[in-house]
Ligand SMILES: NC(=O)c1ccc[n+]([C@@H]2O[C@H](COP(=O)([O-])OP(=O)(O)OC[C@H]3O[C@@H](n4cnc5c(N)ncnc54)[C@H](OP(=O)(O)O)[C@@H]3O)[C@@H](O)[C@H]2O)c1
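What follows is a single chain, given as structure tokens, in the form predicted alone.
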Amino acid sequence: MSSTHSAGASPEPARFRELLPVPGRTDVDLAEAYAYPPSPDRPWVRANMVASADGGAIGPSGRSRDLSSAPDRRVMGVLRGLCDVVVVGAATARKEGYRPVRPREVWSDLRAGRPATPRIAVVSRSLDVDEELLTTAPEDARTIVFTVADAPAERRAFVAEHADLVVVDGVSVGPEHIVNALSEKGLYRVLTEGGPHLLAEFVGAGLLDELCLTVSPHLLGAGSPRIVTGGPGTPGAPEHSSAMSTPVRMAHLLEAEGNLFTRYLRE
């Protein structure tokens, strides 16, 4: 394929075209389009997920990054730059190779008066968390780890030495535990990147305020899980799963390089 770019030149970033609410706009300011409510007085929980055109959330390699693209990564960078903390399940953190967010991955002008990077918060009963995620985070953006009282004692000591450990009484860490602890730390702009089971818990508990969903131009066929996995009566269903429907409304719809970027707000 021929290229209009000179050797060594970086390609221009994709332009985002607005389809809703103002059809045809091509000067979309992503930071403005995805802005959190001004001065939130409680944690505002936003999810960012990607799915194929037929609803699959995980590609052939077993990771969601198979469905990603340059425009999707731009949106992820903006969402991370806007948030105070990125919440992720331990299984997803392992599969996707999570590390502390690097300053170059966020927009510094979005973080005036805050640390240069958002914190990563991992939910893990077994404390099976990659050590680099614990030991390489900057001091002003230490990783947070949520676990339960019967987590392995030796592992608890190591995690507590290198990260902020939050121990929850009971057999599992619920969304309300996460939201309450983040509120106590003054982390109100919350971004969760899944995985599907953790997102199901937030939805079931009625604590998800918005969903930012990238629809990737791929077909995966049968077998790939949805962005929300587990439900009442199904094996491995989250404790907080619910059969209730959660009404949402579309705040915007953008397009870039065949990807659709939707933002849904809970009614």
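Being a predicted model, the structure only gives us computed values, none of them experimental. Numbers for residues come from their place in the sequence shown, where the first is 1.
Omitted from view is the form predicted together with the named molecule, to which the following refers.
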(message) Is it the case that residue 45, even though its partner is missing from this view, gets within 4.5 Å of the named molecule in the predicted complex, heavy atoms only?
(response) no
(request) Examine residue 123 and determine whether its closest non-hydrogen atom to the named molecule in the predicted complex is within 4.5 angstroms. (result) yes
(message) Would you classify residue 84 as touching the named molecule in the predicted complex, given a 4.5 Å non-hydrogen atom cut-off?
(response) no
(request) State yes or no: in the predicted complex, is some non-hydrogen atom of residue 91 no more than 4.5 angstroms from a non-hydrogen atom of the named molecule? (result) yes
(request) Would you mind picking the one in 95, 99, 74, 155 that has a heavy atom within 4.5 Å of the named molecule in the predicted complex? (result) 95
(request) Please pick, from 179, 141, 173, 159, the one residue with any non-hydrogen atom lying within 4.5 angstroms of the named molecule in the predicted complex. (result) 173
(message) Which is the contacting stretch out of 193-201, 109-117, 130-138, 159-167, given heavy atoms within 4.5 Å of the named molecule in the predicted complex?
(response) 193-201
